[in-house]
Every structure is written in structure tokens, then in C-alpha cells.
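One protein chain, two forms: both are listed below as C-alpha cells, the first as structure 1 and the second as structure 2.
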Structure 1
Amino acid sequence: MWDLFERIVFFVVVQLFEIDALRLLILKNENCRRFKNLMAVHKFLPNSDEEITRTMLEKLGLRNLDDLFADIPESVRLRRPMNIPDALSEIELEKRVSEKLSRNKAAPEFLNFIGGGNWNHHVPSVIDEILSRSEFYTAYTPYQPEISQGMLQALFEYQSQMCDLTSMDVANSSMYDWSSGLGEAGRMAQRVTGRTKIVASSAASPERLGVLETYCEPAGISVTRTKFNSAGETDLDFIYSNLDDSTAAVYIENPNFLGVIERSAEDIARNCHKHGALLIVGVNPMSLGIMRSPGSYGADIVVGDGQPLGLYPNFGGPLMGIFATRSEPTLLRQMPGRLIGMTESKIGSERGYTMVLQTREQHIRREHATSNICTNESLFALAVSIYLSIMGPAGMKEIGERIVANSRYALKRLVEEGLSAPHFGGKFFGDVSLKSKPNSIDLSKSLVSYGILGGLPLGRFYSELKYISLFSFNEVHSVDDIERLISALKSVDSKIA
């Protein structure tokens, strides 16, 4: 008889390495007969054993596995084998995945001038170092403050920094992304005001506005999109003609999706409040090092994305949503997500942190929940907090100034080379609009052959801007990078008769 150790070793070898010759050899061995059934079971799916399946069905009072799906109509059931390719070995799978990944075109191998909500900024190496620490990397929702003080403190610091950056009173400990934050802000405005109309600038991201409409429609909230003028700014007359007693909020982005600064933001806030409506402002947080913060000109709710603050583009996501508001009880109690608070013990005055506001359906009666968002982006909120701690106010100002300098230099060179820029006449931050001879989508495809990503084809979102692209310039771009882009643009334009 084998001892227990020998049996375990042989079983592990067979299961892990799946060597057919060894499997046959062992199966022939009289002493291994008891393992024959075990080796027929999928190593990652123990319930694939027929005896286990039969026992489970008996306990459930079912005849076969099909009975588990009795609530699915026969007419929609798949009655043929699924079209799943044959299994691959780990070596084959790695090769297949590597081949597919090699088709991606991304920075730093390609120059990236794409913006519009997901930018290619520098990520300091210290962020990856801290995020990869196991106490942060494996942390989940800090429901138990007695064992989660580290993450709770980090999230509290994030909230405090976000309030400083936006000049708002309260920030939650993050949302999924800018779009979901906007959707939550729209529904929050309806709850606070009791009104059912939102006026949204068409100079805001069409994709984010689409998410806003998706969130609002089931709640009976209508979204009216404004126009924008030749400067790329929101049409004020359109906003003011739609401001009435049914308007819950107005939404603008500053800088907006077209890269233009909304110079009348304070006037819009004043008119919103005059009519009892809220002003929701979407921000690129990188601009707040040199631009006025939304809280300083009357925003009631601020949303945005923390992606520029220490996060990689991540092929479009995951991202990290910003959500902040004023501290009035009517607003604070309706804020979605969660809020981390700080307190002191009665004895010894030891500082401690805990979740103090969790107005979501998992924590309170469903009909009183402000949101059904079931998690947040805690790890990325920590990354943003690290980034802001590293940069500080002076660093944020320096990066903002460098972005402006690079974009101004790029515009100067575009004009000198006879290229049609900018298309919009308004003041801008970082993003320069360009009119090209090929349509914006074809231009983007052509630039790939020069090792360049961008610009963002505005023709994808606005039919009237078929030939307009948006090129984003930031702190990672050098003069040589900009000159290389201009050379490629001239070459592409020269090929069009």
C-alpha cells in the first residue's frame, strides 16, 4: 500500500501536468483504481463529477440539469452545442493572447494626442509602488473600521483633497467614472428640487450626455440639449430660454468637450439659482491648477474624472469618478455613494475613521436609497490622493501652465504651417480644434501610419463637425513630438487634391 504522501504526490502530478503517458501508467496500476473517477473530473470544476451532480439534483428534487432552467421558455433555449473552440494549453493560450495584444496601438510606442475624457498624462512611479502594496491592493469596502483604518484614512484624505481642488464642501469617496457621476447628479437634482427637467450643454461630451439620459429617463426626468456657438461655448440664450419652474438643473463642462473654456459659467450659475435650479459642472481636474474652481463660481454639484491625476488611460477604463457638492443638508443627504468621516475616541483622543454616510440600497431601506451603486473605485481614489500629495498646489499649477504652453505652441506652429486651426474661437485649455481636408475619422486612421494616435474625430459625435478633430497637448509632449505631429498633418493634407 502507498502511504498518504505518495498518493498525494501522484495525484497532484497527474492533475497539474496532465501527462497522458503518466495518466495511463497510473490508471493501470491496481493501487490507483480508487483515483480513476477523480481524474475524470475537470480539475477546476469538482461538480462535474457525475455522482456529485446526481446527489445535488436529488437534494433539490430535480430529475436533470435542464430542470434548473425550467423558468426559461423552451422557444428561446439553445438546443445545440455552443460554438466554443477547443481548449488550448497554457503555452498556446499565451501565444494567442500575445498575438492579439500586439495589434494594439498605444503610448508610449505611439505618440498619443487623443483627449476628450481620457488623457495620456505622466504617472509618477511612486503611485504604482504604493498601490501594489498588499494592504491596499487586496482591500475591499472598509465595512469594518477596526481593521480598515489605513484605507479609511486614505479615502478621507482623498475626499479632503478633492474638496480643496474643487472648492466644494463635501466629496464622496469616488464613483465609477465621470459619466456615472453625471447620471447620479441628474437624479440627485430631481430629488432635491422636485423638478423633472435638466438642461445640458451640447458642448459637453455626447457620450456622457447619453449616460445622463439613460439614468434620467426611468425616473421621469427629461434632458434638453442646448446648442453651442462658433466660439465653442454653450449658447446662453438657449439655456436661459429653457430655465423655468420645471428645471431641476443645468449641466455644463468647463473646459467643455470641445476644449473650450466656458467664460460665462458664473453668469449661468447666477441665473440657475435665480430660478431655483442647481448648476452641475463637469471638470477636467488637471485644469484646476490654473483655472477657477467650480465652487468659486457657484456650482452646486461637481462631477469629473480623476483619470488625469495619476491613472493610465487603461484602454478607456476603468476610471475613477469625482463627485462633490455643497454641504447644505438637502444636498448632502441626497449625495450618492459613501462618505468617510474622522472622529476622536473619548479616552486618549485617538483619531479614527469610519463610513458615516452610506445612502445606498445595500445599507438602508430600498425606497429611501439615493443610488444603487454597489461599489466605488477605492484603489484609484488612493492613486489620485497620492498624485495630489506629490504635486501639491504648486505642482498642479506648474503642470497646468505647461499644458497651456504646449497647446499654445502647437497652435502657433499649426497656423504657421497653414493648417486650419483653431476651428473654435473660444479660449481653450490643452485641446486644440483643427479642420482637415480628409474627414476627421479618415485623418485619425491616416495618422496611425505615422505612429500617431489622434486627434479625436469630432465627426463621430456631431454631423456638422465632420472635418474637425481635437488634438490634446499636455505635459508629456515635447517640442519634437509636436513638430512630428505637424509634419504628419501636412503630409496627410498634401495627399488630398
Structure 2
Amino acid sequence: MWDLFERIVFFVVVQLFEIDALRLLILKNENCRRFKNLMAVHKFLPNSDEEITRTMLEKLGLRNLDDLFADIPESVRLRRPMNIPDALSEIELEKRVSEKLSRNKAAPEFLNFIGGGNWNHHVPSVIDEILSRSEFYTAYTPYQPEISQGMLQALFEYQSQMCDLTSMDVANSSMYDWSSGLGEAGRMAQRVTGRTKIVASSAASPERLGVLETYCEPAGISVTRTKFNSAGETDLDFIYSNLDDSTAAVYIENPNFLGVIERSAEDIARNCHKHGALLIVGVNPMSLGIMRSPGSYGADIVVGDGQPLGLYPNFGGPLMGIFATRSEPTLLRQMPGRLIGMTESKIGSERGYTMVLQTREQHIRREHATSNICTNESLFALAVSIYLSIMGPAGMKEIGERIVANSRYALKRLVEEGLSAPHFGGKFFGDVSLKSKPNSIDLSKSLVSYGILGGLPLGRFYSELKYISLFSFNEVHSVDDIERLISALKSVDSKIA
């Protein structure tokens, strides 16, 4: 009785004086009492209110939540709270993370001239808008095609566009990235040819070749790395002296990791096929508006990264692995990854899309699958499809031309200012090689104070290229940006001299 009276008095006081703080305090105390044996209500958890939880437990004939975990052996139960932070409100979380991220240096405040498999190209606004639609980004793999036609059609269209761009017959709906696509390509070459030797150009990214080895070694596949010449091109003699009837595949990149275009790609393809080996080509798809497509010079498998086509760099992930091949049944059957096909509804023969050839995949074939891949990068295949829709044939050509033009202008200015460029004699797409007085890693450190990120220090990957950097130019760089880089380079170089 007294308790009730006390509550009424409190209530009246609170209402009269509108003492919100007091009201909150009372509520908080009540909460403490109510949830002592249960848990706190959380905004993501609709049933975490005590009443609801109790209703559910009662329906199950259980006394408390612990009953649901009674079968966990006593000896291994965690009997203390996890030693991780307490919950943060949205306000605190955003503050904490943005404080941490503010220690990073990135575009647009900094100019970025780094390439090497990930580029700071312009991302059209349409991509941000469409990728923010949670109908796409909060869906799972389209296991029920009738309610996933949107993503399935987008992936089918991505596959088609990628085939148009690379001149291949079949593209899968994505791999994790260029590297893992390459690893899978190596294993596929072994399954197709029954051979266990891969010859790979060392002008390809050393990290990607590392991934290739990690994927191939357990399958008993050896990877021989070739040399490159002073032009920055793959040494053909080395490739041909290692290419024979026991070779499963040759791997080259175009443009390669040194930025140079492999002029002899068609010749390499011919020689591969003469020996019954496959040619795997890693490609920067951004170059394909003006450069020859791998399919047109005889590639059997094309890998690469969709990142330049509409994805932010995101510190290197997530990316989007391109994987395309020709339509011969021997290749198609051995292909890894998810494929989307066009079909019809059973009633009415309406056009529809669904996952196909699933009998290659792990959820059906288990240890006999062509790959273990399940989750891929579908959302970014969608992004690439939007990007290629935006650019079209004219846009891909014009952006390719712009990259060539800007990089040639930069080279001309570097030469005019007495800097040592290009280091490699081969023809390049958008990456200018520069020899600097400081070693390449120190050079990139020094440029940070000029508001510049880059170039790519090749010394990080090749001991013999300690003083060589690659500067990657693209459509976002204005002449003023390029001039800022040139004057910073001059200044850094002159300090060493």
C-alpha cells in the first residue's frame, strides 16, 4: 500500500515539475531490477524486452535462457564476461571510428598516383545510389530465383558485358579478386590439360603470383617464374625455353605489373596452343576500350579485377575478380564459381534467370567440386555492370585515351624537368616508370608531406628495382595535379642531389 502511495507521489512530482532526469533515473532503476537475471534491451533485438522473452520461454516450458544452453559441457562454458568493449551508442560509435579514420590520409585531400592492381578512378554517382539500395545489398545468394530476379539479371548482364569487353564466351558472376581468380585459373588449367607445370611472367604482380602458388602447390602444380627484360616486357626466350608438352599454362598480365604492354601476347598464345597449353591473361579491364582484348589474341582464361570499373579502393578490399573463358565444354565444365543463365518460366515461357551448372559447385559436388568458392563478390559485379552501362563503348574508349594522354603529358614534363623517366623502354598504358635518387620507398614517404600518395615503390616487390617507382595517371588527374607532382618530385630529388 505504502509502496503504491510512494509511486503515485513520485509520478505526480515528476509530472508536475517535468523533471525528466528524475523520471529517467526511476526508469533506469526499474530496468536494473527487471533485467538483472536477463539482459539489456537492445535496439537491434526486437525480443530482448523481458516480457517478450519471458512469454517465449514460457511457451517452451523453460525457466530461463540458460536452459537453452544446458547441453554445453560444464567444463568448457565461458563463466566470465568476454573481455571486449562495452556497447557504444550510435553517437559514440561514429565518433570513435571517425577519430581513428581521421589518422588516415586519402583522396580528395591527397593526390593519389598509385596503381598496382587498385586504382583511384572516378566512381560515378549512379553506382553509389544503386549500391545503397538494400534490396540488393541485404540479399543473400539467389537460391530462390523467383524472388531474386533483380540480382540474377544484373549478374547475367554483368557476365555478358564482361564477355563483350574481353571477347570471351563465358564469364562467371565473380571471384573474390584477381589473385584468387588467377589461383583458380591455375588449378583449372591442370584439370583441363592433366599437366602440372605453369610458367608465369615475373612482370606479373609478385603478390598475385604468390597467391597462384598458394592455390597451386597442394594440387602438385609447379610455378616457374620467368624473367623480364629492360623494356619491362616478359622475356620471350625464357618463356619458350620453359614451354613444352608438359606445360599446363602460361600466365602473363597485360598491361603487366610494371605498367608495360606485352606486345607479343599473340605470339605467346600461338606457342602455348602449339604445345597444348592454355594461355591465362590477367588484364586491367580499364585498358580494354582501346587495347586489344585477350580473347582476340587467343587467351583461354582471362582473369583480372573489376575494381577500376566503379569500385572504391577501400584499402584493397572488397574487390571483384574477373574470370572468363571460352565455351568449349572441356573448359566450361572445369570452370570455378557461380554462373547465371537465362531460362524461361515453366508456365507462360517468360524470360527469367537462374544459377546454372551448379553440379560443378561445392554445395552439390562437395569434395569433387571445381572449387570451394561459395560467397563471391556479387554486389560489385552489379557495380561493374552499372559502370560499363554508364561508359558504353564510347566512354571506355575515351577514358582509355584520356589515361594514355595524361600519362604521356606527365612523362613529357618529367623529361623536361630532367627527371629520369621512363625507366622501362616498353610501351605503357597509364603507368610511368621513374628512377629516383632516393630509393622508391623513401620517395613515397617523402611525397606524403607534399600531399601526394605514390608512386608505387617497385622496390617493395623487386630488389633489383629499388630506385624505380610507377606513377599511375588517370581521368581524375588534372594538369595542375600533374604539375604539383612534378614539382614535388623535383624538390625531393634535388634534396638528395
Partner chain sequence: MLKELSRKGRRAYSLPELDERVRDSMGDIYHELPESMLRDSPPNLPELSEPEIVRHFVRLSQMNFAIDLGMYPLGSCTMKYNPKVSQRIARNPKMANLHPYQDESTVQGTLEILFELGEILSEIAGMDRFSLAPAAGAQGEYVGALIIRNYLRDNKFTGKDEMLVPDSAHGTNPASAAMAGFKVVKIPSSDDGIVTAEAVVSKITDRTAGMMLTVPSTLGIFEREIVEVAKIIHEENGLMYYDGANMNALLGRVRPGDMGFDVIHINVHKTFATPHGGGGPGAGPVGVKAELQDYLPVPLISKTGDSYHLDYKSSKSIGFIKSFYGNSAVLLRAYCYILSLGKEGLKTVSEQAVLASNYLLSLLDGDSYSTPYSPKTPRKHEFVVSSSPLKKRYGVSAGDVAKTILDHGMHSPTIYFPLIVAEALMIEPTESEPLENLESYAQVLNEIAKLAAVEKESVLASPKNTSIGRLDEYKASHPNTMILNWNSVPASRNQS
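We call the rigid core whatever largest set of C-alpha positions still superposes within 1.5 Å between the two forms. FYI, numbering is relative to structure 1, first residue = 1. This one's a predicted model, so the numbers in the text were calculated from it and none came from an experiment.
Here, the chain labelled structure 2 is taken from the form predicted together with the partner chain. If you fit the rigid core between structures 1 and 2, you'll see the Cα of S449 move by less than 2 angstroms. If you fit the rigid core between structures 1 and 2, you'll see the Cα of E344 move by 2 angstroms or more. Comparing the forms between structures 1 and 2, the C-alpha position of I72 differs by 2 angstroms or more, with the core used for superposition. Overlaying the rigid core between structures 1 and 2 leaves the Cα of L62 displaced by 19.6 angstrom. Comparison between structures 1 and 2 places the CA of N83 7.9 angstrom away from its other position, after core fitting.
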